[in-house]
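Next comes just one chain, in structure tokens: the form predicted on its own.
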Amino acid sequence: MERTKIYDTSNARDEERLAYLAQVATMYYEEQKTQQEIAKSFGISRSGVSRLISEARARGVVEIIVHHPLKTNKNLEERLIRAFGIKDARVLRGRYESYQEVLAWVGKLAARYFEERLRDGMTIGISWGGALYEMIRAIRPREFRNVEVVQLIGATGAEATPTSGPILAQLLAERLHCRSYQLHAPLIVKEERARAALMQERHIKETLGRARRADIAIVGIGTTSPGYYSLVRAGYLSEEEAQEVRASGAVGDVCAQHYDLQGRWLDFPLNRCVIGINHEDLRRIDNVIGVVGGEVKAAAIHGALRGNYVNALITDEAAARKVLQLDGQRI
């Protein structure tokens, strides 16, 4: 986490400049405003905002607060790795009062995990979800000019929340001061022929080509549970359509590709209409980090692990225990 310092200087002109930098830094680091939003507020260009943020860092207006390591449950991590053959797992210790609190802390844990693996020159794919939003908020801003952030699935249209794909890709790119590639396409095109045609559009084809070559993919794991089903909340599906999806056996999704409790991809129309990478593309990426919290997501996490859609998992204790129970293991 970063925050602004308070300065006392006898140089009135410099004090005014520092106050200006502090105001910009506060909006960016603490209020989580995008550079575009700040530019609009001050009536300046986005590149001007980027220069102000760089100056704020260079002049010490922004201080870095060192966090103590977040405690994880090593036993549950080892059990998840053995049970599902995944590369890695992080299980956050403790119980939390609300689903949103779980997401916030899992996001912080994921941010640290991601930062340890971040290297210049990487291509990073990102999907959507509340935990991913919290992760990006917790990432320390850096200078990685040769990193690329690529949107894995479409999410425009009815989805206009801070957790949507285009906004997350933009926010992560701003955090790393690098370029983002966005699909600028709806998540779902319900006519299969229309979807096939759209997937051949030059910009979408090139963006998805980059996504398939990602070094790291950071993905949310969605559930079809009522009240938590992101496609319903985003307005892509009606509750009646969601019930049809559940009736087909779907428990969750990664990148909007639905699967059952054992991880089997389900061959129904919705899965054939997503604008983005498919389940086979995802399996070919070497490092797919699933960031998800909450016991309500346990069935979806279990299916994602069984289907080999993610090979590293960041979650919390309650979710991890429930996943192992669903897998028939004693806790």
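Note that the coordinates shown come from a computational prediction; the quantities given were computed from them, not determined experimentally. Take the two forms, superpose them, and find the largest set of C-alpha atoms that agree within 1.5 Å; that set is the rigid core. Numbering starts at 1 and follows the sequence shown.
Same protein, other form: the form predicted together with the DNA, not shown, and the subject of what follows.
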Note to self: Which residue, Thr26, Asn278, Asn287, Ser50, is the contact with the DNA in the predicted bound form, using a 4.5 Å heavy atom cutoff?
What the structure shows: Ser50
Notebook entry, point to check: Since the chain is shown here on its own, which stretch among 258 to 266, 295 to 303, 279 to 287, 41 to 49 would lie within 4.5 Å of the DNA in the predicted bound form, judged by heavy atoms?
Noted result: 41 to 49
Margin query: Residue-level contact is defined here as any heavy atom of the residue lying within 4.5 Å of the DNA in the predicted bound form; does Arg17 satisfy this criterion?
Written below: yes
Margin query: Is it the case that Gln35, even though its partner is missing from this view, gets within 4.5 Å of the DNA in the predicted bound form, heavy atoms only?
Written below: yes
Notebook entry, point to check: Quick one: core overlaid, is Lys40 moving 2 Å or more at the Cα between this form and the one not shown?
Noted result: yes
Item checked: After fitting the core, Arg272 CA displacement of 2 Å or more between this form and the one not shown -> no
Note to self: Aligned on the rigid core, do the two forms place the Cα of Arg57 2 Å or more apart, comparing between this form and the one not shown?
What the structure shows: yes
